[in-house]
Each structure stands twice: as C-alpha cells, then as structure tokens.
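Below, in structure tokens: the form predicted alone, a single chain.
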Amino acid sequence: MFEFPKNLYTDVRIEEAHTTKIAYKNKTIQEEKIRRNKGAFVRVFDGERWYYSSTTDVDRLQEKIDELASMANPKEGLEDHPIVKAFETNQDKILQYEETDVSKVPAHKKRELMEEYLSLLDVEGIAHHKSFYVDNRIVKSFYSSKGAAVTFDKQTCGIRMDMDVVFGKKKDQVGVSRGAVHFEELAGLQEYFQTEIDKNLDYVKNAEPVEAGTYPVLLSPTATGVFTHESFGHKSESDFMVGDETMAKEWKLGKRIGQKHLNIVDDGNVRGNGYVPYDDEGTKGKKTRIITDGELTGRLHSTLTAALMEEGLTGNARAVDFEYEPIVRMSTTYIEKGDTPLDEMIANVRNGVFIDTIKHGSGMSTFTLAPARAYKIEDGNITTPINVSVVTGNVFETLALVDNLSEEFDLLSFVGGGCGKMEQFPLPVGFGGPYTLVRELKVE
C-alpha cells in the first residue's frame, strides 16, 4: 500500500469518523450537526528522534512519508533498536458495526427519540434544561514498515439531559445520561430516565448540608469508576514514571497498597467508550492487571515507555484523534467486583456517607470527587440526602482503606466530555466497578 523508506521505522494511522450531535434548549433544537472527517497521522523514527505529520489529504500520504523521511537520518540495523523491536506486527480486520452503523440511522429517528424523553422534563421544579443526542463511529487503519496492517471500527451513542432545578431558595444543576454501543439500546428507557429525574428532583428539594468530617464512604459503581480513573488510573500511566525516580520508587511493582480483595485492571477489549482492540501504535488490546490481590503488578505503556522500562506492551498508546501523536492513556479501567451483597455492606455502616452520582473528579497523588447526589447512611440504612462539596483523600492511603466490594457490578461510559491529558481532550474512556466501601474519607 505504501513504499516505506529503508533503514527507518514508519507508521501510518488513518481515521474516518462520522459524528452526530443534536442539541436542545428546553424543547427547541439549537444545533444539528452531522460530520464526516477523514485524516491521517504519519510518523518516522530514525533511532534518535521522531518526525510527525498529520493531514486530511489522505490521497497524498506517500508524499508525507517521503517528506518526513527526507528529514531523518537512516541507519542500518535500525530493526534491532529496542523501540523498533518492541512494535507488534499484527495483521487483522475487525469491522463489527457495519450492519448497525449509527450513521445509517436517519436523523429524524434520533430527534424523535430525544423528544420522547424530553417530555419527561415537563414537571414542577425543572426551570430550564439543555439536552443532546450524540453518536460517533470511527474506522481506523494502521500500517507500519515492520508489516503491521490492522483495521477496526468502534462506535458509541448516547443521550444526556442537564437540568436547572429550583425549589424556592434551593437550586442546583443536575443531569442524567445513558450511553450505548447500538442506537437500538437507547430506546425504551423511559423508566430509567424517569427514575433518575425523580431522584434528582427529590435530592435538590430535600438535601441538607453535610456536617464536615471523616466518615466511612460507600461509592456507587459510577463513583467507584471516577475514583479509580482519577485517583489511580492516571498514576498507572507509565510516562509519568520515565525519568522520575520518586514516582518509579513509589510505583515499585510488588508493593502492597491494598487488601487482598482489591484488584484493578485496564482492559481495551471492553465494548464502549474505552474499546481499543488495537491501540494507535498497532498493539493488540490487552487486559492489564494493575493491582492484583492488593499488590502493584502492572502499569500502562506505549511502545516507547515499555522499551525504556523493559516491560511488556499493554495496548495503551492512544491519541484523541488523527491530529495528535499517541501517548499513554487508559482504556476501560475498573475495580473488579467483590463477593458481598450490597444490602449486607450497607447494613454494617452505622454513620456514613453514600456517594451516588458524580459531577467531576481530579487527582494524582491526592484526589478530589465532587458528588452530584449524596446521602447519609444511618444505622444500616441510606436515609437523608445531603449536600457534599468534595470528598478527598490520599490515593495509596485510600486504596489501603477499601474494606469491602459488592458483588453488584456495572461498567459505564461518559456521554459528553471525557478524559483530558496534556493538550489531548476529550478522550473517550470506560469506567465503573462494584459498590466500594472505604473505611474513612474526608467529607466537606
């Protein structure tokens, strides 16, 4: 397909994307965009430095390859360079969504679905609302001078409704969303959306200020997912450790940081936002066990970091789109489920806090979660809704305090937004897990 220059490593990533966004303010359409983009990212490596170029002119990729090669210094024996040797040479084609391609669903059906759910918002307490439907299908192809040739597709779709809720002097912004892989999965969700809307209204109307302090905290699968991603997932991205002796020492494999029941994985093969059957360097998606039985057992890698740290590839070199180079990013990161029923977990908490939904989170060595809905746990029962600004803690200390994990388990995808790192935002990722009981966290 391409004539790759001799004594250089070269790869080409081609992406063709279809996206739809239909946005409403109250019940009036504000935006309806259907876009198709096609572009490519080309890299050349001469053993000392990388040469990059991105383009939307995919018919002239050979010229881009030759242009970058003219800047490089070819070297005989480059195939023995540790980085070049580490690249996989997979050949595969996985096109799963041609029959259920979201781009083939007529726009009027997407509008009709949205407007059906918008009727649920005609209730007391909702002053204004903004909502949108989004979908995305991407076909990626990757080719390298080592012989890699892979093509795969991925797609997601979803609905999000954000509401301004007012009951007298009590005001808040709340939301409800649902993500899916196939358009048909978004139909028939009236009960789900109605339940979430009712919970939000009740919460804003009846929530009381929390008494700041340290409490046992029960995290829902959503909160567990955000906690895992923000507080721990980013720390597992190995580009933070290269050349940083303090971070490398803190992240020494075999180090015990949790109890035996704690297992955290990153898996690119899970369908949804974080689905990465092959990463943006052609590495096959893998299930990486970052924590196993409470011990650090792995970290996430690109080919560069894996070669520098002399560890195996994990399939975590990802770029937000064809305009960017791949860097180490999560795919679907989660805590594995436990074996305790949720009811039993709650019954053992005398005075605690339940974090149900999350507005946002951030973290590295320490983390912060901003709850959207939170409740008291009193004498083994979830009771009064409470306003919580933030829940904070030290990452490793908190992981050591994870006392119980439920047998109930859920994996989720964001609708709107995504993960940010360096200048690359928003990258779609998956997250979730079980209900997680942390012995104590600071609640404000």
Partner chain sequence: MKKETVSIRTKETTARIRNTAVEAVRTKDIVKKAVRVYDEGKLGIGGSIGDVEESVWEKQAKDNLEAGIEYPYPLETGTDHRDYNANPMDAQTMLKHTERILKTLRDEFPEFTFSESVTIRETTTTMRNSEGLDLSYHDGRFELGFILKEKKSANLFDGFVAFEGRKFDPERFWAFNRKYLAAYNNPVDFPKGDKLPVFTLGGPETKRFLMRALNGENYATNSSLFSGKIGERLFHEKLTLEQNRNPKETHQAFFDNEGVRNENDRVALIENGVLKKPFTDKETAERYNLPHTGGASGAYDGVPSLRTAPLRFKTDSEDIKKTLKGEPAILVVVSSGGDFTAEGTYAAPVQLAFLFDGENILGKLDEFTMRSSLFAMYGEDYIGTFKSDELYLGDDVQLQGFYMDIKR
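Since the structure is predicted, the reported quantities are computational estimates derived from the model, not experimental observations. Numbering follows the first chain given and starts at 1.
Quick note: we don't show the form predicted in complex with its partner chain, though the next part is all about it.
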4.5 Å heavy atom contact, Glu444 and its partner chain in the predicted bound form: yes
Partner proximity in the predicted bound form: Lys110 to its partner chain, non-hydrogen atom cutoff 4.5 Å: no
is_contact(Pro209, its partner chain) in the predicted bound form, heavy atom dist at most 4.5 Å: yes
In the predicted bound form, Asn263 touching its partner chain (heavy atom, 4.5 Å): no
Three-residue site Glu31, Val242 and Thr392 fully in contact with its partner chain in the predicted bound form at 4.5 Å by heavy atom: yes
Proximity to its partner chain in the predicted bound form, single hit among Gln91, Thr195, Ser365, Asn348 (heavy atom within 4.5 Å): Ser365
Answer option from Val102, Val353, Leu304, Ile159, heavy atom within 4.5 Å of its partner chain in the predicted bound form: Leu304
Heavy atom contact within 4.5 Å of its partner chain in the predicted bound form, the stretch among 177-185, 144-152, 125-133, 309-317: 125-133
Residues within stretch 244-278 having a non-hydrogen atom within 4.5 Å of its partner chain in the predicted bound form: Asp244, Thr246, Met247, Glu250, Trp251
